[in-house]
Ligand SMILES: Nc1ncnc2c1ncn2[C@@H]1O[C@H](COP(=O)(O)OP(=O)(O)OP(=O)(O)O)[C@@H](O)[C@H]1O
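Just the one chain here, the form predicted on its own, laid out as structure tokens.
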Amino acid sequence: MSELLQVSGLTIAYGGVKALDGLTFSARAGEITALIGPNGAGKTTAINCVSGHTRPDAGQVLFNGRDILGLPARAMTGLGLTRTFQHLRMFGRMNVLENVMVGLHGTARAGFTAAMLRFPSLRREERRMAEKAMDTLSFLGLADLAGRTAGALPYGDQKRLALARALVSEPRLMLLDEPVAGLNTAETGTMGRLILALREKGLALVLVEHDMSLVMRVSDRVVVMCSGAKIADGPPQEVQRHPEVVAAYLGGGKEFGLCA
């Protein structure tokens, strides 16, 4: 299976401290690749670089064979790459359907003139976007909330809404930054099933997550980071027993599901 995402040698320093130190990993279609490590390991910085939100000092990011390093974040949706964030970014006063339609802004076909003059083409475009948004909400079990104000939703539903907005543009690769943070056990189970369903749709998924039970249950590959560098990369069962990983997390191994 070919690699859809290839990250090589990512390096970035802040005030002389390396947040990423030559990080290299890849992701394949139909697989879940997890990035794990303690706070400060560089996981979010890594996906910020991949998604165009942060420019590294060195390295390369290839998506579907194209070098995307340096492209603005707003260009990624059109290429087929989307992401979620640790902290929810939504329009609280807009309804759920409108929030999901925002995820299609990078794929809209109507131009500025059509929008300004309200041409029929714009109305057709809006209907198309609304239909796609509803299909996505249905897939994630949120269709009955389409007319609700987003800011009034329970936190677990807001997390699924964030996933819907990233999914609606039909990406090939999704970067998920702590999708179950703050969720209870039942909500985490629901999110885990949705992530597996996305894999079944053939997406490549890069998962940053501290819930090691979820990571070990859903991931095909696990990349372990420490101080911005990769110290292990492989199937979950191998990574759990990797001597360097166990040594790196000695005293905190239980948090990461590690065993000696």
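Note that residue numbering follows the sequence shown and begins at 1. As the structure is a prediction and not an experimental result, all values here were calculated from the model.
Just so you know, the form predicted together with the ligand exists too; it's not on screen, but the next bit is about it.
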Original post:
Of these, 26-34, 57-65, 39-47, 189-197, which stretch puts a heavy atom within 4.5 angstroms of the ligand in the predicted complex?
Top reply: 39-47
**OP:** Determine whether any heavy atom of residue 19 comes within 4.5 Å of a heavy atom of the ligand in the predicted complex, and answer yes or no.
**Re:** yes
Original post:
Is there any non-hydrogen atom of residue 210 lying within 4.5 Å of the ligand in the predicted complex?
Top reply: yes
Original post:
With the cut-off set at 4.5 Å between non-hydrogen atoms, does residue 86 touch the ligand in the predicted complex?
Top reply: yes
Original post:
Any chance residue 157 has a heavy atom within 4.5 Å of the ligand in the predicted complex?
Top reply: no
Original post:
Who in 176-197 is close to the ligand in the predicted complex, meaning a heavy atom within 4.5 Å?
Top reply: 178
